[in-house]
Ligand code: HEM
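Quick setup: one chain, the form predicted on its own, written in structure tokens, and binding and motion questions come after.
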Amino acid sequence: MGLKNSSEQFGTVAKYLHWLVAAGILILLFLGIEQSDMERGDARTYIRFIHASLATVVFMLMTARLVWRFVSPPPGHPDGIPGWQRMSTSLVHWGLYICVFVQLSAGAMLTATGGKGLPMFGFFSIWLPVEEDHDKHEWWEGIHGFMWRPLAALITLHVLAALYNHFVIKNDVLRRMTIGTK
């Protein structure tokens, strides 16, 4: 298996970026939901700090993933996949990209309009050229609070489709992103 994608399977770079982003997003969803019901205080502040730091890393990884998709195009669909499934696959993948970037960008703007920099686990902060603004902060908070739902729905659909391909259709779609094709 090479670094770049082949016509049959994903390469090492695409696989690592996929699974790192996937793990990061799942952790972010968990932390975001967990802290939303917590009372104000040190524990909530700490979880938000970890959440924001990890989100900054995931944003960078997701950007690299999108760039890599253009540098090394993904493998084509396996033979026998109907046109509607090919189209729905593309829509779900691009929907995931859009939702992830909107969610991460809304979180970054939420932080920036709250007068803070994007934390990097206490090592440094990335300051966006955005002024502190309560009304914009509230607006971005609404976007960020909403977008996790369509993101979670698309992730669920993506996982179910991969499992359907693996266990029902019995093709190599899931193996191409994990252990490799037969």
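Everything numeric here is computed off the predicted structure, so don't read it as measured data. From 1 onward, residues are counted along the sequence shown.
What follows is about the form predicted in complex with protoporphyrin IX containing FE (HEM), which we do not show.
Exercise. Does the 4.5 Å heavy atom contact test between K15 and protoporphyrin IX containing FE (HEM) in the predicted bound form come out positive?
Worked result: Flag for K15 set to no.
Exercise. Do L61 and protoporphyrin IX containing FE (HEM) share at least one heavy atom pair within 4.5 Å in the predicted bound form?
Worked result: Residue-level check for L61: no, no contact with protoporphyrin IX containing FE (HEM).
Exercise. Taking the shortest heavy atom distance, is E141 within 4.5 Å of protoporphyrin IX containing FE (HEM) in the predicted bound form?
Worked result: Because a heavy atom of E141 falls inside 4.5 Å of protoporphyrin IX containing FE (HEM) in the predicted bound form, the answer is yes.
For this session: Consider G41 of the chain shown here, and say whether it contacts protoporphyrin IX containing FE (HEM) in the predicted bound form, taking contact as heavy atoms within 4.5 Å.
Result: Contact with protoporphyrin IX containing FE (HEM), no.
For this session: Check each residue of 30-56 against protoporphyrin IX containing FE (HEM) in the predicted bound form and list those with a heavy atom within 4.5 Å, in sequence order.
Result: Result: G32, I33, Q35, S36, R48, H51, A52, A55, T56.
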